[in-house]
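Shown here is one chain on its own, the form predicted on its own, set out as structure tokens.
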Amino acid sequence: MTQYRKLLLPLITTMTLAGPALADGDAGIGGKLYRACLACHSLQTGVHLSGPSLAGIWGAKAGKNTGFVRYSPGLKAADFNWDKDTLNAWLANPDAMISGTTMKFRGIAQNGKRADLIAFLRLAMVPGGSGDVVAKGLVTESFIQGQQPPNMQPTPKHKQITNIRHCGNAYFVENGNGDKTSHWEKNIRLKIDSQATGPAPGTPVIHGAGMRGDRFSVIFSSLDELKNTLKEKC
């Protein structure tokens, strides 16, 4: 019981700071406010971005979304369900509610805006809710998907990597057309995208990044592929 009291105390305190119980909000306005959530969340089941999918979690235990592994220790240990009151506290100030949360969001100070967003989430976060909010015209399909990375398959040959090696302070890359280029090591980022929309296994992808055109990401389908493909060789 003492453990649960320790976990609930920040929640109770934050809910008090968030103000009196919220009036019912406007889901239509909330759908527009949800735009701020697109960079980190999708409303598609099992599609996790930098934050977990919000699909089907209304009324569910916090910190338990299947397939999402980056919850903070505090949220993993939390013992509450997502509902109107807990979302009100969370959206007011996530870090005050769960100290050390990895959700970098300063919170919504205005009670009315929180009420509107929660009214939308109440519809969207129930099982099958994403289809309902699109059908009602509250948001478009793109809002459901969130800002997912683009599909890298099929990959055009000029973006396929057939050979990559590191030497000195440079990467040397050969693509599917046989073109060979060299890049300062500081301008190349090595990444992994294990999602179904990522590179096909055995076909790492070079992806341009940065306005100057001299910075690139090299994206592998798995950590093993990165280890087996990239070599130190001069």
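Bear in mind that the values here come from a model prediction, so they are computed numbers and not experimental data. One-based numbering along the sequence shown.
Below, we turn to the form predicted in complex with heme C (HEC), even though it does not appear here.
Undergrad: Which pick from S142, N111, Q148, T102 sits with a heavy atom within 4.5 Å of heme C (HEC) in the predicted bound form?
TA: By the 4.5 Å criterion, the partner-contacting residue is T102.
Undergrad: In the predicted bound form, does every one of I192, P204 and A209 come within 4.5 Å of heme C (HEC), counting any heavy atom?
TA: Looking in the predicted bound form, the three residues I192, P204 and A209 all stay beyond 4.5 Å of heme C (HEC) (heavy atoms).
Undergrad: Residues in which of 174 to 182, 161 to 169, 49 to 57, 193 to 201 have heavy atoms within 4.5 Å of heme C (HEC) in the predicted bound form?
TA: This holds for exactly one stretch, 49 to 57.
Undergrad: Report yes if any heavy atom of N65 sits within 4.5 Å of a heavy atom of heme C (HEC) in the predicted bound form; otherwise report no.
TA: Within the cut-off, so yes.
Undergrad: Is K186 near heme C (HEC)? Define near as a heavy atom within 4.5 Å, in the predicted bound form.
TA: No, K186 is distant from the partner.
Undergrad: Taking heavy atoms and a 4.5 Å cut-off, does A27 contact heme C (HEC) in the predicted bound form?
TA: Residue-level check for A27: no, no contact with heme C (HEC).
Undergrad: Quick one: does A89 come within 4.5 Å of heme C (HEC) in the predicted bound form, counting heavy atoms only?
TA: Taking the distances in the predicted bound form, the answer for A89 is no, it never comes within 4.5 Å of heme C (HEC).
Undergrad: Using a 4.5 Å heavy atom cutoff, which residues in 67 to 96 contact heme C (HEC) in the predicted bound form? It's fine if the answer is none.
TA: If the 4.5 Å heavy-atom criterion is applied to heme C (HEC) in the predicted bound form, 67 to 96 yields F68, R70, Y71, S72, L75, W82, L87, W90, L91.
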